[in-house]
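As structure tokens, one chain now follows by itself in the form predicted on its own.
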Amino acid sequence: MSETLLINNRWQASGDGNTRPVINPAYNRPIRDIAEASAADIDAAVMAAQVAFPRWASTSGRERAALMHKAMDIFRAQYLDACARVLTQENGKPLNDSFKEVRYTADVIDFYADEARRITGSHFAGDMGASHSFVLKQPLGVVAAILPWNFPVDLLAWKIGPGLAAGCTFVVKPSEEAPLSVLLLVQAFLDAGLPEGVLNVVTGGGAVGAALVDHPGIDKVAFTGSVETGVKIAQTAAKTMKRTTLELGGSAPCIIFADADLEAAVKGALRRCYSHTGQICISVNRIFVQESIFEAYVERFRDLVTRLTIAADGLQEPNADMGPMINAAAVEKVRQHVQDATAQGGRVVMGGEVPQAEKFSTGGFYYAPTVIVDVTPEMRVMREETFGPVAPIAPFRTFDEAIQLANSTPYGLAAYVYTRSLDTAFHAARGLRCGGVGINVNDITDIRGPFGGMGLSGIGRELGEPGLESYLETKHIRLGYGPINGL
């Protein structure tokens, strides 16, 4: 069945019958086909969202909150388990990591459901004559949510959570590589009674997303994905002044100062390097270690890498540390980055190859966790986003050198610092040019805090209060008034 388009609360196939397969990266085999939305399908989905917008925008915050909470109650009870399993099949992460994602997804939507009742404006007395001003916060309009494959369900929640709470309607375009888990989350909203046209889905390849960005009926584009695609979206959206939130790539540095808790710094960076096989925008991409502890750090890091487990199939090995990569192109990019590093004098001390065990002879896309030393800033692993299980580790001498090295790429999404000194931590946090800094932690994400990047890592913020504000327009109303009649 390829009825994966949702328009006005009805699942349907593509108008022209075109489909494409969703591939399981553990076996390089199709899971099922999805519809390839036609131009007419896209127009119909946008029209449905436009028609639904005035009704949904005028629905009270209490009603929107109740429906969103009901949807998540249904999701947890009826779809969560299946969603996690499908997620592992379509993007390769071990099952326990998939469960973590889908549970957090429901938490994000519940969080913003509560925020639907807290949207307020402000007012103030005029200071030039008899007048009073009111500042209203109103929903922005129809939003195109364009999703990545690595966290498709969670990052949909980051968009529709605040957007639905604000009163916006949506056309969702899942990644063609991992769309199936998204459909289960959306079905929970339909089961909860979401009005027709509020949440629509168009599946297909990059051309479908491009058509949405260019569509005159779209008021905002919320995108998570590559820098290259993000730049194209920004250029297209600028032609009609569409609002954008663009969460793009990163090349996160992790700085380990000599006074750090060595064990915590090793384990923290290790997890953030190799979780989801390094295919996370806030993965540690570069590790900088102060000279006096460099050798000890590398030795302990390498020791723990030898203990990592790689799942050939994340359903069969749910507790594994890693799984397959998403496709052959992803493996090839990692191979090229490692090859480039070794050609310039880098030394692979762990990994650097496709794992050879019999269980990996499935036709899937695998790469071993890799550690490289003797790296320099000119190498691709140190200046580009590898998006794979590679940890280049370099020494530094002084605080200033560490900050300069960390800031030496055009990305600025996340950074991590390990130190016992509060002074060092604050100076580093202020000096690092990125949207989020983790001090003695390896995750910068909290529902209540803003998430987003600087430089090539994007525009705008998701999560927290800024995430909600990005789906609201601010309107100023100035009211003049005269004297009371008869007085």
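These numbers were taken from a predicted model, which means no experiment stands behind them. Heads up: residue numbers just count along the shown sequence, starting at 1.
Beyond the structure shown, there is the form predicted in complex with nicotinamide-adenine-dinucleotide, which is absent from this document and is the topic of what follows.
Proximity of residue 387 to nicotinamide-adenine-dinucleotide in the predicted bound form: non-hydrogen atoms within 4.5 Å are present. Contact check for residue 408: no non-hydrogen atom falls within 4.5 Å of nicotinamide-adenine-dinucleotide in the predicted bound form. In the predicted bound form, nicotinamide-adenine-dinucleotide lies farther than 4.5 Å from every heavy atom of residue 344.
For the chain shown alone, residue 90 is not a contact residue for nicotinamide-adenine-dinucleotide in the predicted bound form, no non-hydrogen atom being within 4.5 angstroms.
Heavy atoms within 4.5 Å of nicotinamide-adenine-dinucleotide in the predicted bound form belong, among the stretches 247-255, 306-314, 361-369, 288-296, to residues of 247-255. Contact with nicotinamide-adenine-dinucleotide in the predicted bound form, defined as a heavy atom within 4.5 Å, is made by none of 108, 161 and 168. With the partner removed from view, the residue among 71, 413, 83, 157 that has a non-hydrogen atom within 4.5 Å of nicotinamide-adenine-dinucleotide in the predicted bound form turns out to be 413. This chain appears without its partner; in the predicted bound form, the one residue of 321, 340, 374, 176 with a heavy atom within 4.5 Å of nicotinamide-adenine-dinucleotide is 176.
Residues from 210-231 that approach nicotinamide-adenine-dinucleotide in the predicted bound form with a non-hydrogen atom closer than or equal to 4.5 Å are 210, 213, 223, 224, 225, 226, 229, in the order they occur in the chain.
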